[in-house]
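One chain comes next, on its own, written out as structure tokens in the form predicted alone.
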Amino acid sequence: MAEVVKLENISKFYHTKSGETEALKNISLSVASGEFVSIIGPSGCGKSTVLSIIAHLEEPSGGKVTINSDKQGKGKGQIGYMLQQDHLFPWLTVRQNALLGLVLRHNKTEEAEKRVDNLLKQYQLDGFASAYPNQLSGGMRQRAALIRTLAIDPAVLLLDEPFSALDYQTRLAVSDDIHFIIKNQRKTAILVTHDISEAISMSDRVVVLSKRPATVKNIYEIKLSGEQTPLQRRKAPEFSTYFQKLWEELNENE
């Protein structure tokens, strides 16, 4: 498969009054088209910083980021970013929120509007197109946020703990919904999460980062059925084996 995202020896230093802090050290990673990759690691190790650098929200101190073979920064227009909160505007309807990215990019064409309407219909939100965010459940809000992100037709989706604000039962259901939509749309996705089970159940590969300064400790290929939902994958016999390996990796030398 074609390579969509490539990180080559990425480093990141932060400068403060108290001195210099090394956050990332020689991070190298490639993500293929249509692949779902999760990044896990100790709290504060720099997982979200990796996403910010991929999205060109932060510049690396060293190394290169390539999006679809573009090293000059133009690839940033190909990135869709989902944060921990859905950030739907309460005064806009679901459809208006879904169109917001297109409006801000001055790209709200008739064709683009039709694509958004098709996404709302395909993922069971067309009946709520005129509703406001406070009328939606947590899961529906996350679907609306994802449709808003998909509306700009990004090459890569970055997901920064998008389910962390949800209760456990809702989180399981929403991860199924989001995973289905991403795979159905054949999108390349990178998820940052603290949840080992979430990473295993949703991913083709899981990248384990070390404590700060973060390096890539290991990359695990998750050989569970791609035809199963994340919830079904959690019930697979091999799931507990992956969980044990990743848990031990994260807690090694801690």
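Keep in mind that this is a model prediction, so the values were computed, not measured. Quick note: we count residues from 1 along the sequence shown, nothing fancier. For the two forms, the rigid core is made up of the largest set of C-alpha atoms that agree within 1.5 Å on superposition.
A second form of this protein, the form predicted together with ligand ADP, is not displayed here; the remarks below concern that form.
K.L.:
Within a 4.5 Å heavy atom cut-off, is S69 in contact with ligand ADP in the model of the complex?
P.N.:
Judged by the heavy-atom cut-off of 4.5 Å, S69 is well away from ligand ADP in the model of the complex.
K.L.:
Should Q244 be counted as a contact of ligand ADP in the model of the complex, where contact means heavy atoms within 4.5 Å?
P.N.:
Q244: no contact with ligand ADP in the model of the complex.
K.L.:
Check G44 for me: does it contact ligand ADP in the model of the complex (non-hydrogen atoms, 4.5 angstroms)?
P.N.:
Within the cut-off, so yes.
K.L.:
With the cut-off set at 4.5 Å between non-hydrogen atoms, does A23 touch ligand ADP in the model of the complex?
P.N.:
Flag for A23 set to yes.
K.L.:
Residues in which of 48-56, 200-208, 30-38, 222-230 have heavy atoms within 4.5 Å of ligand ADP in the model of the complex?
P.N.:
Stretch 48-56 is the one.
K.L.:
Once everything's superposed on the core, is G19 shifted 2 Å or more at the Cα between the shown form and the other one?
P.N.:
Comparing forms between the shown form and the other one, the G19 CA shifts at least 2 Å.
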